[in-house]
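Okay, so here's just one chain, in structure tokens, the form predicted on its own.
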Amino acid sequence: MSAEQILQVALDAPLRRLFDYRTPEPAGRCAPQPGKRVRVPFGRRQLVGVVVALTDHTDIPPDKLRAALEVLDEAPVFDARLQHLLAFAAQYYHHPIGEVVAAALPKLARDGATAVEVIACWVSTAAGRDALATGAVSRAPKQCEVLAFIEQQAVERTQLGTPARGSTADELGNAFPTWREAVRALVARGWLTATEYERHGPSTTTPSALLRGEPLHATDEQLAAITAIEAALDRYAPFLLHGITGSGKTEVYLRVIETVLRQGRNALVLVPEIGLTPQLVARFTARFHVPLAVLHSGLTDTERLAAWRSSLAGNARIVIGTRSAVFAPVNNLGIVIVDEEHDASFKQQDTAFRYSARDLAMVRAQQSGIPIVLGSATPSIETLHNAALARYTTLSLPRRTGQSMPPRAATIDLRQHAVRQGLSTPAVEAMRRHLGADGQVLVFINRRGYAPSLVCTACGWMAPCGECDARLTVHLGAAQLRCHHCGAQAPLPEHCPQCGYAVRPVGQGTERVEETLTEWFPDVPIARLDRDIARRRGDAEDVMTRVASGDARILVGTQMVTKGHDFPNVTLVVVLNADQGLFSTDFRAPERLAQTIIQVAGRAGRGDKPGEVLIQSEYPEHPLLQHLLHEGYDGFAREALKEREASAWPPYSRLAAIRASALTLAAAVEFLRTARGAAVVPRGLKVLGPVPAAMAKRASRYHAQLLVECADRATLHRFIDTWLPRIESLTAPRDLRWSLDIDPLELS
């Protein structure tokens, strides 16, 4: 068929194809174009998809070809470069283009919400104008100023013949740094009313100055890094900003972004965790007098849509976000920054589309012809390998800013010292010493809850999770047993369900460590930070505020305390249970452990007081710990690269994993065995397995995996291209699910 233009549409469906539709009738004011959303019939439903291409040919018979219902956008929501990024992601991760495109849209945009930015504004009422005229508002000077400003703007718009609308938050913020309280009071009194309007294109309101705050003093190393990055703003250039904790990487980001903004371009900043977003936003807001958009999974659907619209309109000059923000529609992009680039949170693990935001950020920068900065105190082994091969330019920040020095680190041999509830005598004595010197203490244990096991003192029974191959964790405060893998919960029993004897918690979690420290230091305020504490928005910030203000002298926490936080008065860090990861079968486990230790150690001594780090271990002579103590992370990384090369693990090979889950382990393994039998394996490529996962049963399902290994990336992807259709054609039980993971980070 070639009589009319055909729309090729990507729909959120697990099918590796596009769907053909005729143009809507009538076409309306929005002409179809690649990158625009369309509403289409799909079976008995209506779906919102994105036009990928226009063609004059389709293989669908004319009587079967359905028309799209409407084109939703006047302008594309994905520009050409972002369309190319999405196409690359679908190809590289061998994933249906429709699901890739859907991942790049906020939920409400996938449902068809308008892409035009809706701006809240405020207008004076007749009563408000009367209050100004009669002076009734003069008793509240701030309210009077704000009301007069809003009314004056309305008069000026009328005189200029511009469309009537109220004053926006940006306009009020530029005129009055603290305007919201006055506006709330005026609305309550009936003198203002809130409304909104659609803003097409970027705001025409320009702040009086780009900067709110002055830059900090930069060290010679920071200036060298800034100069190198700014010299490459006109081309693609990948940089590794390798700076020890406290060396001022964020100041480098801010200085470079300032230059980008002055050139009239915009910036994209990726961070790994939601917990890092508020403090980074605070730093950027304190420095820049420009609109920011923040994108992360902690936002409501409405907030996420508003941030996406602001970015799409070009109003947000800086977009800060977690993993999915790599797809943000940032117009006129001038630089991409990936903070804490080593963090595993940049890899999507929870959905079928398992992409790496860091790696896609590299592709986006390359396609846009702009520099990208990967910042970390503990770069991933792959990133260090690329830097060693001169694929990336390394910029080093080997010194902390100001007068602070790197902390002194030592191990505590748990075989030689008394231990109570996970805390050794030397660690407790060091805590007393630092607290006595008016310092703060951070105690790190990467295990939340009260204890990891509940054990019978008579028969040895351990409380199991009925849905997983795991033990239930004791949460004493909630009087519950909880599974940290599937979320199952049960009441905390007082007696063994098998023999009736007493049960007791074994091991330590953050809750138990906090309890023990409260007994030892009854007069010292203690704060705890883990996922049990930070359940609601603002909870983590409240804990951080207590520590930063000195209200809490001891902080007990999990991984949440290791990243990006600046506590100038923390002088001692104690690392508990450091042996996790030393003997794991996962080849990446030592790297993750080394990164965690270095990151948490970096919280000590960031102010003008010297810092100390104590690492408790039953294996203090282990090579990993010895390299960290005597040669730092660089020494560990050199040895790790040698081991990876000898074992032919990444970055010296490429991996892909096929994972299957079913209601029985036999069904999952059998499906993967059949999939392996369908493979035509080329020379130089290995298919390993299938084997059960390290935790075979999770959430009442059994998991197994196949691993594909090859030294050549192109060979691996050609093999997967031919293998996937064969896997998809296999007959499998209805309950079986399987997925493909390119460049997997976890092999357990």
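So that there is no doubt, residue numbering starts at 1 and follows the sequence shown. These numbers come from a predicted model, not from an experiment.
The same protein also has a form predicted in complex with adenosine-5'-diphosphate, omitted here; what follows describes it.
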Exactly one residue in R184, R420, H495, H217 has a non-hydrogen atom within 4.5 Å of adenosine-5'-diphosphate in the predicted complex; which is it? H217
I need to confirm a contact call. Of S247, T571, Q143, S310, which residue comes within 4.5 Å of adenosine-5'-diphosphate in the predicted complex, counting heavy atoms only? S247
Answer for D566 alone: is it within 4.5 Å of adenosine-5'-diphosphate in the predicted complex, judged on heavy atom distances? yes
Please check if S424 has a heavy atom lying within 4.5 Å of any heavy atom of adenosine-5'-diphosphate in the predicted complex. no
Check T401 for me: does it contact adenosine-5'-diphosphate in the predicted complex (non-hydrogen atoms, 4.5 angstroms)? yes
Going by a heavy atom distance of 4.5 Å, is E251 a contact of adenosine-5'-diphosphate in the predicted complex? yes
Sort through 238-246, 609-617, 160-168, 346-354 and report the only stretch with a non-hydrogen atom within 4.5 Å of adenosine-5'-diphosphate in the predicted complex. 238-246
